[in-house]
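One chain comes next, on its own, written as structure tokens: the form predicted alone.
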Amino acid sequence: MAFITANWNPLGDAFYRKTELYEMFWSLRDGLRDSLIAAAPYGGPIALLREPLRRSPSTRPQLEIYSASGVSITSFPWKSGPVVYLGWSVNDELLCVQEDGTVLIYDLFGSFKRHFSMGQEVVQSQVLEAKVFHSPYGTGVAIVTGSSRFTLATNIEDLKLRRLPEVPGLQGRPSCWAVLTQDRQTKVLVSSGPELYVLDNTSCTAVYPPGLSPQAGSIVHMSVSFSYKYLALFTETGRLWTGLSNLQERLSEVDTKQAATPRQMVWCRRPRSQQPSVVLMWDRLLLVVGSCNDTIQFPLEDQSVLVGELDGVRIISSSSQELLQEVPLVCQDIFKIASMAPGALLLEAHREYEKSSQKADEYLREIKEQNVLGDAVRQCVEAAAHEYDPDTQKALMRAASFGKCFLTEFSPDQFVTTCRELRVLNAVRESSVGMPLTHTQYPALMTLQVLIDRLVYRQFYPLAIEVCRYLKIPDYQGVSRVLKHWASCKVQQKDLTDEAIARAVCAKVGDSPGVSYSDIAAKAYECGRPELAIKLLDFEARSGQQVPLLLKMKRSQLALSKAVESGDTDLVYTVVTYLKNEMNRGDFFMTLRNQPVALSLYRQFCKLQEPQTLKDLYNQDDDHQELGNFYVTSSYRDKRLEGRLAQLQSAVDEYNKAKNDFAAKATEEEMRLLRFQRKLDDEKGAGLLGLSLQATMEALMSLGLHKQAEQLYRDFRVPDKRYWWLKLKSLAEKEQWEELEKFSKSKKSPIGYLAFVEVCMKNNNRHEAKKYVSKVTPEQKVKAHLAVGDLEGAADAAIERKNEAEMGAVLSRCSASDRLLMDKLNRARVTAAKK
């Protein structure tokens, strides 16, 4: 703490410092010489390709991927064409741009994912230079070819190549160039000798940096800031021009007194920067140039690489990695020598307090007198967030906690949030993890979700789970997502048996919310482990998730069993439909025979949609009863009589095979009826075909064909009661009263004579109805008399039978004018009651 400002270097009104991030774990025999190097921003991985243009088939270049701390992730020989450029996408995918314009994409662990081409014409002219850039649309690639033409792809996920206009007078490789992103448009800034051009989709425009000295000479190097807002130009005379990237305003122009072209040039600035600067690197010199014309020089012992970050520059060498950045203003206020800022006084008060010195009280009194204790606490918390050293963080946070004790109204939210964030950041900064995120980068890069995704992507599962639990992220967003990714990687381990992996996955995942065993099983199947996939599917509680994968794996029998067990008819239908399309008919039917539920559901489907298939099913099973039913049903759909009779005859044959005599006889009678109907249709034009037996008899009687109706009555042994009812209604409706009377006298009525009375009254013929009252049985006399409106006759019949209920029924029908009749009935009721 006493020497915290020892590595501060003044630059104008600000200070710059170099903080060591890591001593690199890698062991590079030749350092970083003769290598293509790409380091992803936000503490991302490092890719290194040695001797990228080597063409000897006997010794291939080696592509190596390391974490930011130099821990080896993967390494493999490069077997494709010569590589011009390496770069990282926003998703930490490695892009390798080859001379022939092919861009190969690998994941963090060196697994090939896909490739695309920058255009057919590039194959002939070759790629001279390339750049990978990040735009609002995603990760893009820009190249310049041997024919001096530029081609852009602004988003590799949605590839659309744009060939930019020619640059006047440009032959071969340009002096320097950069990609600009302005107002959601991607442009290229090109230096060709003394000229500077901006290329967009349709035009090539000559531009001139405002305020650049005429003696500056040609531009030989350029750099765009991390946010694409600022531009730096280095000329052949050693002058450095800085300004806005739209070339509308100059910030500064400085003579670096270095004539040689720098190997790298990177902007170094932070949000709300006091003194933005540009870092230039030569073989043995690192030069920081501010817009104030001041410079800082750092000697370099090893060849290094600069990586631009949101709030500084990472300097990577073969032995170490450092972060060069402007010291945040709040840190300057606290740690500057003789600072009287509130945070500085609070920090000193806490130091004295730990020494049990009374000076602590003096410092606190001074802060309280100025009424800035709240500001002092906030300064300490903010400064702790910007410090990389855990000991410095703790000292500042303890000072803030000490100051909070003397405040009655102070929100602890900032303090608590910063504590949590620092614990997480310190955990991921560990060299074993190798993600040197700063507190400024953390919210700019990602939500907490993205940080966890990055840990998961690097397979730091225990740390990811601890972070989720520490920050109390809901399981389905945190721990469950980590476990799902872990399980998907676990199934790819070839050194473990299927049984061991299934047990391990089940033990670890359990019933965690949001984790689908079917997704894990699908990954196992993709990796060529179908048996493991089936074992994992046994842990899946939802059949709807099991079945699709089983079908994909061609495990149709198991899929059908799972669907039936689920009780979900839609799922069963899905499997049955799939099997029907995938299997030959014989195997399909045999499969269904082993699953009665599925077979039953399929039969229901066929009844509505595929009747012919239903017939084949019954034939396959020798189900003669159902075949007979099928033929009967089919006969009703046949409009031709011959076809209908043929179908019915087939039904008779099947019923006989099924030994169902009743059904066979009923079907034969249906055939006889059809023939009878056809005969009458031909002779009389009666239109009887297709009617039921009863409807046929009714139609015949309504047509006056009583003899034919009587023939049906005898031939089909129609019950007497049904026949008499049909004829009674028919004659009454046609008002054939004489015929009706004859019919009533033909023999004793099986339906009685009350029916005649009621039917006649229904057809409004009281006179005819009265003829049949005398024939009615004594039990029905009262009803008959009441039906024809003969109250006196009804009363006499009721009194004769001495039935109180019948007397009551007659009384209920009497009106006031029937006083004598009512008295008669009442006397009879009294007499009947006495007895």
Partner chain sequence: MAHSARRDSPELPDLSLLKRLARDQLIYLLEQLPGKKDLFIESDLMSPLDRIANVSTLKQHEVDKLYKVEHKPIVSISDQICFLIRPRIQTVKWICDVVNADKAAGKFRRYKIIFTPQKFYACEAVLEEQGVFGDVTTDEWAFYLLPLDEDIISLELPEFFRDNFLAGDQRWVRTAASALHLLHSLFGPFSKVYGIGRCSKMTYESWREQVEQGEQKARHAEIGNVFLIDRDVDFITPLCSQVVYEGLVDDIFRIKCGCVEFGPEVTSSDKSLKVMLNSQDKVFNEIRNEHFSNVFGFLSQKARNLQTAYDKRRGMDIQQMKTFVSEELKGLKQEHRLLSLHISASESIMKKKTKQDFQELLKTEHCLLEGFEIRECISFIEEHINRQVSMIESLRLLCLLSVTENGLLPKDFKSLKAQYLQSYGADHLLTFSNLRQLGLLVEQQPGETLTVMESKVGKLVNDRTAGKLTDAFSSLAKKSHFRALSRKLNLVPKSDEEYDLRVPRDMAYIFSGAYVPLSCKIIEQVLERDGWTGLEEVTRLINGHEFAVTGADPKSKSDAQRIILVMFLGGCTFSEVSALRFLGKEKGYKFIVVTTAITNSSRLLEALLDNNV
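Numbering follows the first chain given and starts at 1. Since the structure is predicted, the reported quantities are computational estimates derived from the model, not experimental observations. What we label the rigid core is the largest C-alpha set whose atoms superpose within 1.5 Å from one form to the other.
Beyond the structure shown, there is the form predicted in complex with its partner chain, which is absent from this document and is the topic of what follows.
Of the stretches 400-408, 320-328, 626-634, 380-388, only 626-634 has residues with a heavy atom within 4.5 Å of its partner chain in the predicted complex. At least one heavy atom of residue 604 is located within 4.5 Å of its partner chain in the predicted complex. Residue 729 belongs to the set of residues with a heavy atom inside 4.5 Å of its partner chain in the predicted complex. When its partner chain is considered in the predicted complex, residue 291 lies well away from it, no heavy atom lying within 4.5 Å. A residue is said to contact a partner when one of its heavy atoms sits within 4.5 Å of a partner heavy atom; residue 574 meets this definition for its partner chain in the predicted complex. For the options 112, 716, 282, 109, the one in contact with its partner chain in the predicted complex, meaning a heavy atom within 4.5 Å, is 716.
A heavy atom within 4.5 Å of its partner chain in the predicted complex is found for exactly one of 173, 542, 747, 365: 542. Of all the residues from 642-664, those having a non-hydrogen atom no more than 4.5 Å from its partner chain in the predicted complex are 655, 662, 663. With a cut-off of 2 Å and the rigid core superposed, residue 633 has a Cα displacement that reaches or exceeds the cut-off between this form and the one not shown. Core-aligned CA deviation for residue 355 between this form and the one not shown: less than 2 Å.
Superposition on the rigid core between this form and the one not shown places the CA atom of residue 415 less than 2 Å from its counterpart.
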